[in-house]
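Presented below, as structure tokens, is a lone chain in the form predicted on its own.
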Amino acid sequence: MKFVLLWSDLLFFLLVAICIGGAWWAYRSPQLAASWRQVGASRSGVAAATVLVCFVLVALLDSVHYRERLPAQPGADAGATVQYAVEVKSALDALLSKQKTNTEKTYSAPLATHLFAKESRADGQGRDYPRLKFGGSHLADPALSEADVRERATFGLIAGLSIWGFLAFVIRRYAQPRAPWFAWNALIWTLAGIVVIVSVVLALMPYYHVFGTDKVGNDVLYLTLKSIRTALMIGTLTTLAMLPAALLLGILAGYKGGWIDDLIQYVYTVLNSIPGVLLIAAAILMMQVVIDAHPEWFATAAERADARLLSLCLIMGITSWTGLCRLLRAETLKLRELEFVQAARAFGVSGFSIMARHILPNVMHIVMISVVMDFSGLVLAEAVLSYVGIGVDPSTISFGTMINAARMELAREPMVWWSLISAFCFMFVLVLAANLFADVVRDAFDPRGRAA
């Protein structure tokens, strides 16, 4: 195989490395370590962080891309150039290869053995629900599917409880004595739910479409797991795009004042006066014209879709930095009047050094709180933008594209509900975990909250 490194993969790996480096920095800093210990002592914070880590692991698997090597043509020379497939796959695709390739004709309900809609029989004797090609195909009699599902789900439940029991023993025996302040019970019980659910799903996945199939027969569970990477990319890369402008302009406006402050205020006031959806739509359409006009820039369809995703992140970052910039300006206006900043001025320290060494460290709690709390809003924004057709590339799987594809099926009789419910549940869990973690981080890093 030939590994492919997309720009979004590089940025995502860079962000993970920054988080690891930040954790090490916090470990070495007594003040930051004390705040993060407060986060670790919160049961809701630990539970939310555990769920978020699971989502990040899925996204990391989906960010390792490669192209498969094509078999050599008969009669080709030994020194012929190696050819690779055009399709770019990920490690998650390799793990879910059966769910990716075992497609049905059209809709099928979760854990079903027949299609959802009736079709004319081959012998012309009326209409019936055809058997699925893969879902429940191991059963000679489809009537045994309920008993088979119960048996396999029970096996998965027992296996999950066994794995969880082992993990709980290891945590209590070796990890808990090293950090008694950590909410280990919250971690253990959150792992119980995650491990049991994953074990049951893994026990059923090889034999059934656990979440059903969509209109073209794709496995909904596979589509939902693939959407996680897109949601995290939108939430994290957009943050990377907005942070530099918000930090620089917010601190500069608050510290310098005067005409610089007026100019920066004018810029973000003008941006706030433009409806965000219209601005994003115009920018996305312009970027799409550029992408369509230069097909030679992209060797594969995955690179083209990745360029659309990065464009969306950049555009959303450009339109979402104003709120954080306003907060940083207000905080800097207060900090510049404090004694330590006045003393630095009196000793002739340059303005850049004061902003970098005295102002920036004292506004990082606002940055951290805003970044974590804005993440959930950005995930929901992607779903809304994809729903109205100005989000990610149509070939990119996301919660928004799943909801957009499923919305017309709600009017069917009977209703096709599982695609919408699957995307909604995963997105709800992701956003809820992000919000709960943001609340804990806010309480831990807000100086006024600690003083209270």
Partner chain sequence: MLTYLIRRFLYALPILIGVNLLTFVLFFVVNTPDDMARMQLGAKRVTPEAIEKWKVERGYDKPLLWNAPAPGTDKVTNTIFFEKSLSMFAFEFGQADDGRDILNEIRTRMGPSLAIAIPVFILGLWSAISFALLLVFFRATYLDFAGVVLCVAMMSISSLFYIIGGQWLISKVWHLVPISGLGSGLDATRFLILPVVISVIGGLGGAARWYRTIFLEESNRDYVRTARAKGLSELAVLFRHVLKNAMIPILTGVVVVIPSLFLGSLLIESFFGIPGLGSYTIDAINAQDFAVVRAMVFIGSVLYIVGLWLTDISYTLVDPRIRLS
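This is a predicted model, so every value here is computed, not measured. Residue numbers count along the first chain shown, from 1.
What comes next is about the form predicted together with its partner chain, which does not appear here.
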Note to self: Counting any heavy atom within 4.5 Å as contact, can you tell me which stretch out of 236 to 244, 252 to 260, 109 to 117, 269 to 277 lines its partner chain in the predicted bound form?
What the structure shows: 269 to 277
Check: Every residue in V88, I188 and V198 with a non-hydrogen atom within 4.5 Å of its partner chain in the predicted bound form?
Finding: no
Notebook entry, point to check: Taking heavy atoms and a 4.5 Å cut-off, does L432 contact its partner chain in the predicted bound form?
Noted result: yes
Notebook entry, point to check: Is there any non-hydrogen atom of R412 lying within 4.5 Å of its partner chain in the predicted bound form?
Noted result: yes
Notebook entry, point to check: Are any of the heavy atoms in M427 no more than 4.5 Å from a heavy atom of its partner chain in the predicted bound form?
Noted result: yes
Checklist line | Partner proximity in the predicted bound form: L15 to its partner chain, non-hydrogen atom cutoff 4.5 Å | finding: no
Check: Since exactly one of A147, L202, A282, A72 fits, which has a heavy atom within 4.5 Å of its partner chain in the predicted bound form?
Finding: A282
Next item on the list: Go through A299, A179, V289, I158 and name the one with a heavy atom inside 4.5 Å of its partner chain in the predicted bound form.
Entry: V289
Next item on the list: Within 4.5 Å of its partner chain in the predicted bound form, which residues of 374 to 391 have a heavy atom? Give them in sequence order, or say none.
Entry: L380, A383, V384, Y387, V388, G389, I390
